[in-house]
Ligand code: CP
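This document opens with one chain alone, in structure tokens, the form predicted alone.
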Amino acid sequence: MKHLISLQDFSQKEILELIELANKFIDEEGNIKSESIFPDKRILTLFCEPSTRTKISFEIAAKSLGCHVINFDASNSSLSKGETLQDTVDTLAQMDIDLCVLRHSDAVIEDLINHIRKPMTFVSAGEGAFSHPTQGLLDLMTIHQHKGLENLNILIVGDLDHSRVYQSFTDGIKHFNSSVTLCGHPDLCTKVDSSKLKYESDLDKAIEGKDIIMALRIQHERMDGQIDQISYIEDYQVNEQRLQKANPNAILMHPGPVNQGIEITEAVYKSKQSVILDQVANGVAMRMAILTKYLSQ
């Protein structure tokens, strides 16, 4: 039984196959198709952290495929009474759950796979600080739609130390002939391995000539201290002036939630170069493709 935990072991072929399958779930008008392929499958969404886009898109994806969806409310479960996550998931697995979509602040899926007595498939909806594979795949899909995936100059700017998105995206894009530059406040980029990826602390330099600009949110909830917001905006906000330094047809991305006026300006968010809402729409189609792949094994 295969699980989707990270993109580290994915091949270029697997990524392109998922993008192709996801595109088949979008009609000519850009709407998501409903195809009752798995009416006998039960999907459990188990989110131990807040989520809007990922949680709702998985639910829509599963229902669009005809699945039965069980939304687990962690705050009103036996977890609040002291039951361990392992025992909770082991219990749920006995209820004929076919696939569990799980989000957690720690890396727990590997341990759960080894702990539960009745096997079920796990798909990561973001765990720990390293993995958000379905976001990585929908971001690759969005870039593929607009630019292809080869010979691109990509900039990722923001809170890299706490970003699952950045980790999973770079795991996926490494299979293509494109370059990635990282940028952000030095206090938010302490874990960057500059021997593997280029790091440039000056955003005005980093953004020059880029085809893709991906801005990331400052994740205050994962930080011990605070970053001065005024200085961050001055040095690292993607605004209209900075965006003009990129290639004229560059696209702007953001995994959300977006703090308009901090990571990017409202004008940039609403600009023709922004594909942020495309990412949201592609999230449903890509997650339909992922569920189809892992429910078919």
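Here the structure is a predicted model, which means the values were calculated and not measured. When you see a residue number, it is the position in the sequence shown, counting from 1.
Absent from the display: the form predicted together with this ligand. The rest refers to it.
With a 4.5 Å cutoff on heavy atoms, T54 counts as touching this ligand in the predicted complex. Under a 4.5 angstroms non-hydrogen atom cutoff, this ligand in the predicted complex lacks S163 among its neighbouring residues. At a distance threshold of 4.5 angstroms between non-hydrogen atoms, Q135 is in contact with this ligand in the predicted complex. By the criterion of a heavy atom within 4.5 Å, R103 is counted among the residues contacting this ligand in the predicted complex. Looking at 155 to 163, 127 to 135, 184 to 192, 204 to 212, the stretch with residues near this ligand in the predicted complex, meaning non-hydrogen atoms within 4.5 angstroms, turns out to be 127 to 135. Checking P50, P39, G30, G261 against this ligand in the predicted complex, a heavy atom within 4.5 Å turns up for just one residue: P50. Shown without its partner, the chain has P255, G256, P257 in segment 248 to 263 as residues with a non-hydrogen atom within 4.5 angstroms of this ligand in the predicted complex.
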